[in-house]
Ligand SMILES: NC(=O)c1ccc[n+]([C@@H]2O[C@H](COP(=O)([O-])OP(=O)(O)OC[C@H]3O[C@@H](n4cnc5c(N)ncnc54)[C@H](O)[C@@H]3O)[C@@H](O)[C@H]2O)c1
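In structure tokens, one chain follows: the form predicted alone.
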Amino acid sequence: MLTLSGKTALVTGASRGLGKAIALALGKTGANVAVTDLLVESEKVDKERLAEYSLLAAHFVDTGNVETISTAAAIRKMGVNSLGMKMDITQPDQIQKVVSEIFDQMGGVDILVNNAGVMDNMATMEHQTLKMFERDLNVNLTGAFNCIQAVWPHMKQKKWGRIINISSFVGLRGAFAQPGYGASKAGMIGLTRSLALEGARHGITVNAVLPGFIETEAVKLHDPKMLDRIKERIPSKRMGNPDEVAPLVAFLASDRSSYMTGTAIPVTGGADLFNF
């Protein structure tokens, strides 16, 4: 039986969608879970200023889809410990503060799931700006690096750790009019494999999950006609559900995956296969 009892997980970008599903799956498997996100229910934010950072984040502020604190509460009802906390993955000092609180209340971070990211920079090359391209890299790639660096010493000391980076199948296939997103997700695969080489001798595995089109709140915001075209091109003829990705993350976080490291696993319904 798969169990994470006695382990503590830190999940980023977990206020909704895939991150929330992953946090719940880890809690169901017995892990204590720190649910973190740029947004938390109790915080008032300047939406205009937030929109400069992420249009998607600004959109979700008033929609009822921010569930960082409530997800942690749901996990505690499963009989394990859970904290819901604000964390901006582009701010190393803020990450360290959160990690220190996790240490104080739950004893350390054994499992890190780098799920937080941005995907709202959509423009063809001539309309791209350096500012937005660098924003994509800073959040999606450097943000993951920041979080890994904050927990790596503890994992190395314990000689046990699980790092799961949520990349995307576009890291292999590319993303039209999203050069920053495609480049950052490809970079996550390179980061995964480089750190897998380093971590293996210390009992730390580092793996990447490459979701395809998953029906999250953010994806549902796209034009319905475009979503229909996407579904038609997927061999499975449908989008995935967050609950079809989360169990894989739980497996990679467990001892059952102890001989797997440096992998990049697509979960796409066949969208990454060649098809007419």
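Just so you know, these numbers come straight off a predicted model, no measurement behind them. Counting begins at 1, following the sequence as shown.
Below, we turn to the form predicted together with the named molecule, even though it does not appear here.
**Student:** So, 88, 167 and 214: all three within 4.5 Å of the named molecule in the predicted bound form by heavy atoms, or not?
**Tutor:** All three within 4.5 Å in the predicted bound form.
**Student:** Based on heavy atom distances of 4.5 Å or less, which listed stretch (247 to 255, 228 to 236, 49 to 57, 27 to 35) is in contact with the named molecule in the predicted bound form?
**Tutor:** So the stretch in question is 49 to 57.
**Student:** Is residue 162 near the named molecule? Define near as a heavy atom within 4.5 Å, in the predicted bound form.
**Tutor:** Residue 162: no contact with the named molecule in the predicted bound form.
**Student:** Given that the partner is absent here, does residue 218 sit within 4.5 Å of the named molecule in the predicted bound form, heavy atoms only?
**Tutor:** Flag for residue 218 set to yes.
**Student:** Can you tell me whether residue 117 touches the named molecule? I mean in the predicted bound form, with a 4.5 angstroms heavy atom cut-off.
**Tutor:** Yes, residue 117 is a contact residue.
**Student:** Using a 4.5 Å heavy atom cut-off, state whether residue 18 contacts the named molecule in the predicted bound form.
**Tutor:** Yes, residue 18 is a contact residue.
**Student:** Which residue, 151, 72, 204, 139, is the contact with the named molecule in the predicted bound form, using a 4.5 Å heavy atom cutoff?
**Tutor:** Of the candidates 151, 72, 204, 139, 139 is the one lying within 4.5 Å of the named molecule in the predicted bound form.
**Student:** Scan 174 to 201 and write down, in order along the chain, each residue with a heavy atom lying within 4.5 Å of the named molecule in the predicted bound form.
**Tutor:** Read in sequence order, the residues that approach the named molecule (within 4.5 Å, in the predicted bound form) are 181, 185.
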